[in-house]
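Read the single chain below, which is given as structure tokens and is the form predicted alone.
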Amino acid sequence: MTLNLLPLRRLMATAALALALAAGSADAKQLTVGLTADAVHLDPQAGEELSSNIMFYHIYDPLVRRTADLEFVPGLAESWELVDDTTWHFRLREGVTFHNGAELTPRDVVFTLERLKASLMSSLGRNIESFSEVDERTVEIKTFQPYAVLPNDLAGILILNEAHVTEVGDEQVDLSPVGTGPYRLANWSKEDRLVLEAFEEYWGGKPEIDTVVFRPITNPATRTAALLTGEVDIVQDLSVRDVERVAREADYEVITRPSLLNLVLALDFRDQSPTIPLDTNPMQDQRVREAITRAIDVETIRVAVMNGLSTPSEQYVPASHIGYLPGASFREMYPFDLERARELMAEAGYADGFKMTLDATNNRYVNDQQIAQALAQMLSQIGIELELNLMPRANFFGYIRVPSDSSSFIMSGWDVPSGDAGSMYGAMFHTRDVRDAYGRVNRGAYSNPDVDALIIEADSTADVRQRHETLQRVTEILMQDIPMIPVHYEQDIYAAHNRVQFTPRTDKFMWAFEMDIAE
């Protein structure tokens, strides 16, 4: 008989960690955070998803750091300069060390960029042609053409230690990450807790909070209960139904801010769509796409599903971003109008409607399951029978990953922390497979040569104003073509004990280095 000792070992490891924390300094500060989900990866080049991103930025650093209000400031690079139209020099800080004691060198940056090119995150470096070491503190990065926002892109590229990755291998980076960030991994019991401890040699100064425990609590009611019973100190995505209840508690505070996360619906453009039992794909007809848009009552979703805590989205990016087109709004171009939607369906030859499947999560976005159910009811009013394929976020992102091509209609979220619509447009709306690293998440196989040309034009200028104007032209075309329907921006809702000092970030990353907790 063979005994499975893994659960016992996990229990012993957790107990040992608890004893170690208890035996530490009496003045040590510990913060426990309730997240909606566990990290998927601790290798920052293995994929991108919010819970993983939160961990990445505790453990690793980029050359250029993004502030809480989306300004771009020196990170591991203390300065940078544009040497000529396509050549940048980044000067590294002195005295930066990795968690394993190794000193940061230009070679680590070059290694990171080399590895990135072959990773799932290659689109982050799609405008980088080459990179090299100039001297013991300087890295040279060349772009294919003049590219105005390279520093913004670099804020999403986290620097790895070449020696460590080479020693442990790519698969083990997930389990034993080594970065230069303010925290290092102490313990990770998947789907239970992830524990980080302060890195005392952090170049930015030792963090105020010594130990951070992240607990994945997927059920909103359970997350609220964990907060109010003291199991956690702060929670992400407080249920909209619990806002008033928690706000009435004297020792707790509800903290909100508008989110960058835009809930969107991607439509399939291929000749035949995998879940539509017809010889042709009706969504290739712009009239059908417009009908679907007009049948979705975003105001009802805001009031009845989101309890007023969402903002219907006008475009694919908010007004603060490069590429936003003032005065243009999906809500004004395609207002909720069932009568007109039915007319459009009839004009396109689908007066009797059709069947298709909506792929969506049931535990990733605020009230995602309820939103999917509302969409099914709304589209039934124009004859579209929507079957819901709801799944946990752990399965969802692999299911919809390009080029899986198993979806006709997808509900997901997208945010653009770079402050630049081009990063989204190049990844989501450029034609697939015609240019390296472009169209990598074009889930609906949308293709428009004019859009492709304008995206490349925007990526070929060092003039930010010109880039902005070019991307605005892309925005105008996309709003007419409707490859994707924006629904709403979530409201980021947190709740915390009063002893926690916390200001939400625009990018929704909960960074303990910016937080403190009273004794």
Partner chain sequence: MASRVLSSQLVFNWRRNPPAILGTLVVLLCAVIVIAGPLLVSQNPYDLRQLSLLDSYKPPVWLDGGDPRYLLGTDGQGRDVMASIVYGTRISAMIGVTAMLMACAIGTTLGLLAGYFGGRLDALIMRVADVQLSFPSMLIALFLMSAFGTGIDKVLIALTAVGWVVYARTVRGSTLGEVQKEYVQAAHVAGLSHAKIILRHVLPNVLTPLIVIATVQVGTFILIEASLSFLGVGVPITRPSLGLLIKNGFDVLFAGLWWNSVFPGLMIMAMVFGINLMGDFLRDELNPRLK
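Residue numbers count along the first chain shown, from 1. Keep in mind it's a predicted model, so treat the numbers as computed, not measured.
Here the subject shifts to the form predicted together with its partner chain, a form of this protein not shown in this document.
Trainee: I'd like to know if Met378 sits close to its partner chain in the model of the complex, meaning any non-hydrogen atom pair within 4.5 angstroms.
Mentor: Judged by the heavy-atom cut-off of 4.5 Å, Met378 is in contact with its partner chain in the model of the complex.
Trainee: May I ask you to check whether Gln373 falls inside a 4.5 Å heavy atom distance of its partner chain in the model of the complex?
Mentor: Gln373 belongs to the contact set for its partner chain.
Trainee: So, Leu388 and its partner chain: in the model of the complex, are they within 4.5 Å at any heavy atom pair?
Mentor: Yes.
Trainee: Can any non-hydrogen atom of Thr97 be found within 4.5 angstroms of its partner chain in the model of the complex?
Mentor: Thr97: no contact with its partner chain in the model of the complex.
Trainee: Partner absent here, but in the model of the complex, which of 213 to 221, 321 to 329, 76 to 84, 404 to 412 has residues with a heavy atom within 4.5 Å of its partner chain?
Mentor: This holds for exactly one stretch, 213 to 221.
Trainee: Pick from Gln286, Gln369, Ser132, Ser176: which has a non-hydrogen atom within 4.5 Å of its partner chain in the model of the complex?
Mentor: Exactly one residue meets the criterion: Gln369.
Trainee: Would you mind picking the one in Ala102, Ala346, Leu120, Ala304 that has a heavy atom within 4.5 Å of its partner chain in the model of the complex?
Mentor: Result of the distance check: Ala304.
Trainee: Of 241 to 257, which residues get within 4.5 Å of its partner chain in the model of the complex if you count heavy atoms?
Mentor: Going through 241 to 257 in order - heavy atoms within 4.5 Å of its partner chain in the model of the complex - the hits are Arg241, Asp242, Arg245.
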